[in-house]
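Only one chain is included here, represented as structure tokens and corresponding to the form predicted on its own.
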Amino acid sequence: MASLWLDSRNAIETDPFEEGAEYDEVVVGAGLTGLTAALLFARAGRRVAVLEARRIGSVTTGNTTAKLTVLQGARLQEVRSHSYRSILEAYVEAQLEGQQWLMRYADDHGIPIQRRDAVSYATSEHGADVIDREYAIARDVDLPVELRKDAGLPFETSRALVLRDQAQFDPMDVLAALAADVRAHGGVIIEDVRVTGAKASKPAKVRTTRGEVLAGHVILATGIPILDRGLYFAKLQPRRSYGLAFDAPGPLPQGMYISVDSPSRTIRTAPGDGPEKLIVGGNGHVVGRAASPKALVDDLEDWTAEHFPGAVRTHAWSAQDYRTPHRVPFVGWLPRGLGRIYLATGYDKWGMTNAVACALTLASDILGGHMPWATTLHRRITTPAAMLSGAYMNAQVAAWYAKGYWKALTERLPEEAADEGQGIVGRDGLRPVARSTVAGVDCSLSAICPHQHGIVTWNDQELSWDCPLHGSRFGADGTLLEGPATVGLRPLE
């Protein structure tokens, strides 16, 4: 499932790995956060290395819908209800600064960018109430939003909130420019090297699948931290959502749209060699907990066919992001990292602005700088609402832990192979086994996630094993794809 952005992308020039090399900063992850942070450090004359387990942009950034906007569905009221006013104001300031930085960078480097209005819309009376609340909060923090009855979409809407002059782009255009810029400033970018651990010594020792490197500081820009210090895996909820691209007869809506009703729907267009592509996304869910991700993708396609007759699907993909109990990102130094290990996570699907804001925060923390909004976000107090949200998230994890083992230990694994494209979990003796058949290959693995030992579930859309506890994902052959795990599922004879 290659995204529209990754499908025809030319290779980005990278560098060889040098075991034992020492850098001022080692950035783990070559998405928008990692490459922006790396550039800020490289511009300051620092020796920087970016280590990417797969390919540049291959995980979250290359699978986003790439909407660069400060109007983010019903985000403002979510932040306000889980925090307090000063945090909301700081969050908005961070979004504006991240947006402005990326827009300037795109303009300076000739990156194609399309100015579009951002529109949050509702199709129900409940959704209309949500829009009204978002309007009041947005105006209270001085965002020039407009309230409308109609969203200008080919179906009925009950209310719409508009913020003019926002932006959309191809995220791989941005990553390619950032990567070239990092290397032009003396940094190195290395693909196909997975970081498996780090020791907060002086200098820090970074363990990888190719050997060890040394760093003054380590930046974890991996979506969810791959180190368990600080227990961030227990403070984040991993969520997966889907994107589809279509050739569709015009005219197409010319804004960037997202619904506040459930199930979620996001709509935008993308320029191509011919007519614009229509991009539709949504149907998000907690990783590993959907009965059939394929059914969710089919539902999204059916919805598009209903409202955009004649649309023909050309691409389908998915992305993973993480929600915090506070509804604002975690960014800064990692506990027990001795001031040498830092992280950025918890963008909750609004990574274009948050990634840059977090990169600016990290650079300020390490190089020295004064950004009042970053200071405010660093010093936030956990409210009762955030505590309740975190407790609920972990209660769900416990429930899925128990549910997984109950199924794995009470259902005997069939002797026959799974059907093509399917995976099953069952007991072989007292051993939980995950068995799948993909492209005619029958593969049996330990069903126990190596991170916190949850039982994985089958993803029938991406043909992967997904952990419903903290979002680690594995290929049908057990290969690690993403998440807090640092090794794959164990193969069984």
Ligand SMILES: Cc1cc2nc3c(=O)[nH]c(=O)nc-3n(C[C@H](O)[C@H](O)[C@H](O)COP(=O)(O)OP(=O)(O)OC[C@H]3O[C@@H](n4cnc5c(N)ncnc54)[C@H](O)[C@@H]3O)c2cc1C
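The structure displayed is predicted, hence computed values, not measured ones. Numbering starts at 1 and runs along the sequence shown.
The same protein has a further form, the form predicted in complex with the named molecule, not shown here; the description that follows concerns it.
Taking the named molecule as it sits in the predicted complex, is His217 in contact with it (heavy atom to heavy atom, 4.5 Å or less)?
Heavy-atom contact with the named molecule at 4.5 Å: absent for His217.
Contact with the named molecule in the predicted complex for Trp303, defined as at least one heavy atom pair within 4.5 Å: yes or no?
Trp303: no contact with the named molecule in the predicted complex.
Are any of the heavy atoms in Arg435 no more than 4.5 Å from a heavy atom of the named molecule in the predicted complex?
So Arg435 does not count as contacting the named molecule.
Even though the named molecule is not shown here, does Thr60 get within 4.5 Å of it in the predicted complex, heavy atoms only?
Yes, Thr60 lies within 4.5 Å of the named molecule in the predicted complex.
Which of 137 to 145, 80 to 88, 288 to 296, 320 to 328 sits within 4.5 Å of the named molecule in the predicted complex, heavy atom basis:
Correct option: 320 to 328.
Heavy atom within 4.5 Å of the named molecule in the predicted complex - the one residue of Gly223, Pro238, Gly404, Gly98 that qualifies
The option sitting close enough to the partner is Gly223.
So which bits of 26 to 42 sit within 4.5 Å of the named molecule in the predicted complex, heavy atoms only?
Residues within 4.5 Å: Val28, Gly29, Ala30, Gly31, Leu32, Thr33, Gly34.
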